[in-house]
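As structure tokens, one chain now follows by itself in the form predicted on its own.
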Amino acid sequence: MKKELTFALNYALNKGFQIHPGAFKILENVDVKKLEKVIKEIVREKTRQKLFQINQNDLETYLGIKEDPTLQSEIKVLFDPTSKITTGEGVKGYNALFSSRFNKLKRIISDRPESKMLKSIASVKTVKLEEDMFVCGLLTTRNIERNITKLILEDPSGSFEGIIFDDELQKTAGTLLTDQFIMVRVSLGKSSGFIIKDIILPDIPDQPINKSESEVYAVFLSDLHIGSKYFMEEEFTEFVSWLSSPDPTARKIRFILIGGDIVDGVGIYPNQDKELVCQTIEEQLEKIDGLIDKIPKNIKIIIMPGNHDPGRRALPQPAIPKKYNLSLWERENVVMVGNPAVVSLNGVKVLMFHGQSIDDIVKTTPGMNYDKPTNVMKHLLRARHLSPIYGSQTPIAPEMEDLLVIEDVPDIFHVGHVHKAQLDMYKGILLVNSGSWQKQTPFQASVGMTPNPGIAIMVNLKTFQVFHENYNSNSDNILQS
């Protein structure tokens, strides 16, 4: 018998309690770290009731082992690009993509009061401005010359160049992304040029958060990289086992969201084969299938692809193709979606995005870095677009419709990719970057990237309280917030 269990039993017996055999069997399966707390709290409560026997029902009630019929687990896929992908060809396809982007974002910004004064770029250039006007478009160029900033915008009617003199506004302009949609307030300068006096982003409006009526938890994971020799298999297996434990939180988990890179892939980077323990995609997916099989069937699992997973690499990505592992698709408790996707969990809207565009934004935007991915996530929400920059590191397909515009405002924004678990809030939206389950790789070490892997982030969908379980033995490995 474990010494912790012996202590727990002796504690109860010394307090004059009898322990039913059914209760003893349950105590044998309780996490040893929590045994003392469990037995002391039950003894305290039963003493208050003047009942001196601990039975099976007492423990099942305390630990939440009994299946609670009031716990909802309703999942709806509100948006999935998989069936919507209709790639165009060449220039025609990209023209359609950017036209769709402009029209969608113009509709979003039309909710702002300033939009009532919006003019097309062509009309502003042909009339004599007697008062400030507003134009909107996609930012094609930003130049800084002699302490002034020049912006060039395009809309379907033409292009427009405006100059910014104001120091604070120049700082705002410095954070703008190429191909980002903006609205500007302009006036006519003394030399007939246009002066930009304000920059307005589509941004996220303040609005109430949707919450689950029943107290259930969702777990947020990403970047497992199964197949890599740096995958934390032992720690992840321990987490999967915990899901079946009598822990009160584990008993209320009804959703697991995996935000991409479930496998390490094959041929993703030079000499990757030297870092793989599973040399084929099929082997890697078979391994994740085996781990998912151990997760309780009352937990629904949503899986989206990342840049390491099989299938198309360009955004938006369809769901991982069935041909690589049909078993994943056939599981009743698994939902396969593309990247990005929006799902409703008991009415709570979750925007899932693997996060490839973080690379582009960190490289081009002052103040952005991989250690603070939630700052980049705020940037994307303000732009109302998941990957504004075209032609950089993130491949974007010439879709006939821009499926990367953030049309619906989420309650939770879930991103991965950078292996840095971090939490934040933005205008009532919970930002979750769910980190990874892969130890630091040689490449990460060579560029000074320090991940904090092995953290399972859990959100109470009724209260929006966040909890986490850290399976990493490194004392420096902490969840950032």
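It should be emphasised that the depicted structure is a prediction, and the values quoted were computed from it without experimental measurement. Just count from 1 along the sequence shown to find any residue number.
What comes next is about the form predicted in complex with a small molecule, which is not displayed.
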(request) Please check if residue 155 has a heavy atom lying within 4.5 Å of any heavy atom of the small molecule in the predicted complex. (result) no
(message) Would you classify residue 411 as touching the small molecule in the predicted complex, given a 4.5 Å non-hydrogen atom cut-off?
(response) no
(request) Answer with yes or no whether residue 359 is in contact with the small molecule in the predicted complex, where contact means some heavy atom within 4.5 Å. (result) yes
(message) Taking the small molecule as it sits in the predicted complex, is residue 51 in contact with it (heavy atom to heavy atom, 4.5 Å or less)?
(response) no
(message) Within 4.5 Å, heavy atoms only, which of 210, 333, 249, 393 is in contact with the small molecule in the predicted complex?
(response) 393
(message) Can you work out which of 39, 418, 432, 456 has a heavy atom no more than 4.5 Å from the small molecule in the predicted complex?
(response) 418
(message) Can you tell me which of 217-225, 164-172, 274-282, 69-77 lies within 4.5 Å of the small molecule in the predicted complex, counting heavy atoms only?
(response) 217-225
(request) Look at the candidate spot formed by 134, 204 and 384 and say whether the small molecule comes within 4.5 Å of a heavy atom in all three of them in the predicted complex. (result) no
